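Here you get one chain, nothing else, as structure tokens; it is the form predicted alone.
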Amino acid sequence: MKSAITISLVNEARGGPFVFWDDLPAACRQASELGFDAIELFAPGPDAISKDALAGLLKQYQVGLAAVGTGAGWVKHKLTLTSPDAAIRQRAIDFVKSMIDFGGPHGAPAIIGSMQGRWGEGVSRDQAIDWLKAALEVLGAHALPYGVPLIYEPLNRYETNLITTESAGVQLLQSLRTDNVRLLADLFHMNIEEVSIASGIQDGGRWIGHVHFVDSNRRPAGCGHMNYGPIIAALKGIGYGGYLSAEALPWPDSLAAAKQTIAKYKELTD
């Protein structure tokens, strides 16, 4: 398993669970100096930084790009894949496509989290799931030429009422024609929704393509009450070899959070 750390460039997401903020070159330098394998980038859109400039930073600091978030589509533009407005749904798909095109050349999958939306206000659950599935079909296929999957994230009940567990996520993905969508196992959301995080990881099995490495209170790993032994054992048991990416609050500050994360990662994986 490899280490990664989040960087947000989205002002509208201020206060969210991202370790580094605003200054991408400085964050890449700090991630590299601390020994992280990669960064995970939460950008306002595909024009946040040019492909060449991003490639230059990754090469300069010898870090990979683990994934790119699409949440700015929701927090900045209020787009979801399950909106009752067909025009908004199409704009949401187009935004995610643009983020796939942003991350794909660097080998990074795009993550769909908050942009999945929710059902209600005149939209039934079945209708919302049908719209979500249709979008995942299109977006999974769009990611395929880059050799990366699309990553779909089950969220906790306070953030969506669609898919909240890894087992429900597997059922969703198994119903698709495309085989190019994988699940994100976010330990914070799983701590709320799963009977046990380890069993949730076992439920996800081969479908898990990315992990958000965080503690129970969304602080850096080791700063809450998460029991990581069974979690790491479960990840090893399913043969997971992807990233443990710190989507955590910058508590007490960004540098301290990064140092805490990499120390806990090394303790658990060495």
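Residues carry their position along the shown sequence, with the first being 1. Just so it is clear, the model here is predicted, and its values are computed rather than measured.
Quick note: we don't show the form predicted together with L-Erythrulose (LER), though the next part is all about it.
**Q** Might G113 be said to contact L-Erythrulose (LER) in the predicted complex, defining contact as any heavy atom within 4.5 Å?
**A** Taking the distances in the predicted complex, the answer for G113 is yes, it comes within 4.5 Å of L-Erythrulose (LER).
**Q** D186: heavy atom within 4.5 Å of L-Erythrulose (LER) in the predicted complex?
**A** Within the cut-off, so yes.
**Q** Is there any non-hydrogen atom of L79 lying within 4.5 Å of L-Erythrulose (LER) in the predicted complex?
**A** Outside the cut-off, so no.
**Q** Taking the shortest heavy atom distance, is R29 within 4.5 Å of L-Erythrulose (LER) in the predicted complex?
**A** No, R29 sits far enough from L-Erythrulose (LER) in the predicted complex that none of its heavy atoms falls within 4.5 Å.
**Q** Taking the partner as it appears in the predicted complex, which of 30-38, 229-237, 212-220, 51-59 has residues with heavy atoms within 4.5 Å of L-Erythrulose (LER)?
**A** Looking at the other structure, the answer is 212-220.
**Q** Report the residue, out of L155, A128, V96, A135, that has at least one non-hydrogen atom within 4.5 angstroms of L-Erythrulose (LER) in the predicted complex.
**A** Only one option qualifies, and that one is L155.
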